[in-house]
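Quick heads-up: it's one chain on its own, the form predicted on its own, in structure tokens.
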Amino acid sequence: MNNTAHTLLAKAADLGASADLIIERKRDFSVMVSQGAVEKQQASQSQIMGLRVIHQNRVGIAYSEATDEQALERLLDNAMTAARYATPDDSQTLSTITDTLNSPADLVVEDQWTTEQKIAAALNLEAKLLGHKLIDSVPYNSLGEHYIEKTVLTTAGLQATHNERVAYAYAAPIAKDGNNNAMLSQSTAGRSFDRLDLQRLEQDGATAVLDLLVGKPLVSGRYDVVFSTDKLASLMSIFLSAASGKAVKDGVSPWREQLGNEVGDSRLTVIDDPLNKNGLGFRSFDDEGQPTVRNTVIDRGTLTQFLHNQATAKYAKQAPTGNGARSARSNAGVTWQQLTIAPGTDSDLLSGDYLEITDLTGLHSGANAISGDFSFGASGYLCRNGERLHAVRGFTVAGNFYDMLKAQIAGIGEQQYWTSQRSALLPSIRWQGLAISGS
């Protein structure tokens, strides 16, 4: 396959184009169970090649699942044709690195579980959840894994290959009591099935959904709020797109004129740390073959840099930061690899009364990443001095995220926590005076 890829790139170079080729290979396994029996078991593998050419400052992209000689000729012809009709963009460029790069071997942990053990684990998880009184069914559940191999090759001579295996499980039990019902999804992920926290998935999943079942309405007003780690990461991921060099280039970042200015509380430091191997967002190079580095985007409240791929870096006259994101079917965007927020110094973060939000709905339809305004459906717990008083559900939380960063951080906790997917590492943050509309 690599010989075929090099031949294809050589032909692109002969036509006067610079090019990069992505080869994605995936193997997937998943099992879903229902009422003590396997409902769906699936094993699949796929391969796709995606060619990007730059010719006379115009970008063309084409992809193919076939790898025979005729298919590859069509692939090159389609990419060159697409470039011919594209809008010229002087900033489009590819990596000039000529190295051979490989991700660390320990990202692929040898699978010790048989298929029978995986199915048994899924059945056991469902049975334990159904063993809790008032949990009626677990209609959304899965246990599986992804094995991914992604190789980037360029006409400059780069060959970068990333391999990883990720195992996962999730479950969304439904609890019913008369006319009341509630559902809440929980998940866990790791490098192997041995590293999945299935016990937490069962215990916390059951507790959370049963609490919601008897959740009380919430009086409208202004509340101090602490989001769960997963929901804080979700909120951050929507609005921290403002730090994307592509958003700046496209003129849609509200921070495009704020470099060097304060955009957050002086206690807030936000980092993209793809080199922390404890997380599943670890990457030693991005999808354009650019080596990754630890990027401090907000340093004690000040916006210190944007995240860049090759093209946005050239546009901004900056160095690429290792945040290029490209699939075989697309041009490169910009992504956060592994969001990290530095711990704070507040030991009494959970003193007094506050609202803990553990679920948000309408995350994309209810958010405007340009203005910062949001309005989400939510549920969680009313708390006092670190203790949950009772569950609350059916309310709305609204505000402006960029205003929250600057003026509504009441405290940042001393300890960091991984999200359930181990893709972000965050401390707890207490936000003061958020607008809550009860039912």
Partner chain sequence: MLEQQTAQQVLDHALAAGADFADLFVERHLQSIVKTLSDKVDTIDSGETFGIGIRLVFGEQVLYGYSNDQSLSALLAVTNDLLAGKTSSKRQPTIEFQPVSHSNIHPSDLTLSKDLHIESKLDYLFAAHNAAKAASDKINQVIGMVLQREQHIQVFNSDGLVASDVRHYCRATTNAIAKDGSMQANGTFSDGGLIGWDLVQRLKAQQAGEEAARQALVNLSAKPCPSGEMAVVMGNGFGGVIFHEACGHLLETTAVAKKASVFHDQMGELIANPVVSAVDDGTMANAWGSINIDDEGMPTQRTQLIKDGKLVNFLADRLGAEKTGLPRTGSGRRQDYRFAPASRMRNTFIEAGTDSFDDMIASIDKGIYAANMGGGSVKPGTGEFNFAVTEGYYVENGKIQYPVKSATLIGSGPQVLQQISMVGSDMALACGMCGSISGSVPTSVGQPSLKVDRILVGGNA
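Source: prediction; values computed, not measured. Residue numbers count along the first chain shown, from 1.
This protein has a second form, the form predicted in complex with its partner chain, left out of what is shown; the following refers to that one.
- Residue contact check for residue 257: one or more of its heavy atoms lie within 4.5 Å of its partner chain in the model of the complex.
- Taking the partner from elsewhere, residue 183 is found to have a heavy atom lying within 4.5 Å of its partner chain in the model of the complex.
- For residue 381, no non-hydrogen atom is located within 4.5 Å of its partner chain in the model of the complex, even though that partner is not displayed.
- Although the partner is absent here, residue 32 lies within 4.5 Å of its partner chain in the model of the complex, judged by heavy atoms.
- Of the candidate stretches 335-343, 277-285, 354-362, 147-155, only 354-362 has residues whose heavy atoms lie within 4.5 Å of its partner chain in the model of the complex.
- Among the residues 54, 62, 412, 391, the one placing a heavy atom within 4.5 Å of its partner chain in the model of the complex is 62.
- Only one of 325, 97, 174, 316 lies close to its partner chain in the model of the complex, with a heavy atom inside 4.5 Å, and it is 174.
- Although its partner chain is not shown here, in the model of the complex the stretch 223-255 places heavy atoms of 246, 250, 251, 252, 253, 254 within 4.5 Å of it, in sequence order.
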